[in-house]
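In the block that follows, a single chain appears as structure tokens, in the form predicted alone.
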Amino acid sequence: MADETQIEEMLEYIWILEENDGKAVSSCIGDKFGEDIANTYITEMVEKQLINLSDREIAFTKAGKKRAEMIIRRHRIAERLLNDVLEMRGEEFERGACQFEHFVNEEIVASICTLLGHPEVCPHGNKIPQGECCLSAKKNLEPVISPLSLIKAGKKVKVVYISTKSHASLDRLTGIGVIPGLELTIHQKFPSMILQYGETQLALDNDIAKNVYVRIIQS
């Protein structure tokens, strides 16, 4: 594995350790990559001022955190693309996302992010770091995937994913059958949103509809 690719893999793993455990220690890097490789690259990353090492605990420098954030963003945007648009699963899905994170430039990532409607979480529910495109009100491309709340009445859509930390909202959606893969028509937007699928019609609060991301399949 090329040096820079190996460094990016380690920065990505350090980010995930911090995200999941609150801190990253060098022994975890050794367990993941092997002691010799970990020691070599930890030393190199310290020399490159990407991380600081103190009592086996690793902390990002400003430059290291920025680079790790870009890698994580590329990987998770790739996951959304492969999962939501290309409908890839399993080993092919994971391998594709890992390859994508090392070779795609930021302009392409921003275009894909816009195309997907600036997703906030990956298919595993992990937060996707925002890019400049997410912060800008100006959008250059029509999103392929949008919140259900923004879709006009009469459109037929397919639920791609649900982004909510509210168990109550998730239980409500699951209970009424609004899950990824469901195809439905927006029968009415006002005074309340009415959805129809099969012989079923139901009302959905706009606040909950904001968390349901869909792809238009029939205008």
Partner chain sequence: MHEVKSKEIDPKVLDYRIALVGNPNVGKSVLFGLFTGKYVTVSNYPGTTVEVTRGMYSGSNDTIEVVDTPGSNSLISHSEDERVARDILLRDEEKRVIQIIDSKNIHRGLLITTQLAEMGLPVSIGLNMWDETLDRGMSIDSDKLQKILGVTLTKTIATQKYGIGALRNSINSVKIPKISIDYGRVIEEGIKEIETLLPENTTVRKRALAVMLLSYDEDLEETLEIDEQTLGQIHSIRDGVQKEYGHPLSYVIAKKRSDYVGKLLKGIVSYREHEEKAGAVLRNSFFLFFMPLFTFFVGYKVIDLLMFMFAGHMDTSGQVAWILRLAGGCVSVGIYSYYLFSREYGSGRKVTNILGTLTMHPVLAWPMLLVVLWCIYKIVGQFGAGDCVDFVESKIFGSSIEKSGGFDFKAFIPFTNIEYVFTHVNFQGINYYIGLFCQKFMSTDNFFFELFMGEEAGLIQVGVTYSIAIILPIVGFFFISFGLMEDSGYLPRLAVMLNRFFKIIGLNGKAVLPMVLGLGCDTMATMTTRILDTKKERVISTLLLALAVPCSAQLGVIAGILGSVSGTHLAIYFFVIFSQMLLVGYLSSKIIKGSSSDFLMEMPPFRRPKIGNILMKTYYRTKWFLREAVPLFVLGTFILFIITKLGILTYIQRAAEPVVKHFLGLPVETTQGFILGFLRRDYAVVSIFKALEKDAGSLEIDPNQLIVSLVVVTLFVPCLANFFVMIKERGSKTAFLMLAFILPFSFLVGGIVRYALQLLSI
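Positions refer to the first chain, counted from 1. Bear in mind that the values here come from a model prediction, so they are computed numbers and not experimental data. What we label the rigid core is the largest C-alpha set whose atoms superpose within 1.5 Å from one form to the other.
Absent from the display: the form predicted in complex with its partner chain. The rest refers to it.
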Since exactly one of 184, 58, 45, 173 fits, which has a heavy atom within 4.5 Å of its partner chain in the model of the complex? 173
Select from the listed residues 28, 70, 179, 37 the one whose heavy atoms reach within 4.5 Å of its partner chain in the model of the complex. 179
Where, among 60 to 68, 28 to 36, 45 to 53, 184 to 192, do residues come within 4.5 Å of its partner chain in the model of the complex by heavy atom distance? 184 to 192
Might residue 19 be said to contact its partner chain in the model of the complex, defining contact as any heavy atom within 4.5 Å? no
Applying a 4.5 Å heavy atom distance criterion, does residue 162 contact its partner chain in the model of the complex? yes
Flag residue 204 as yes or no: does it have a non-hydrogen atom within 4.5 angstroms of any non-hydrogen atom of its partner chain in the model of the complex? yes
Does the 4.5 Å heavy atom contact test between residue 24 and its partner chain in the model of the complex come out positive? no
In the model of the complex, does each residue in the set 169, 200 and 208 place a non-hydrogen atom within 4.5 angstroms of its partner chain? yes
On a rigid core superposition, would residue 176 pass a 2 Å threshold for CA movement between the shown form and the other one? yes
Residue 21 C-alpha shift between the shown form and the other one of 2 Å or more, rigid core reference: no
Please state whether residue 11 has a C-alpha shift of 2 Å or more between the shown form and the other one, with the rigid core used for the fit. no
How does the CA gap of residue 210 and residue 81 change in the model of the complex versus this form, closer or farther, if it moves 3 angstroms or more? closer
Change in CA distance between residue 210 and residue 88 in the model of the complex, which is 3 Å or more, as closer or farther: closer
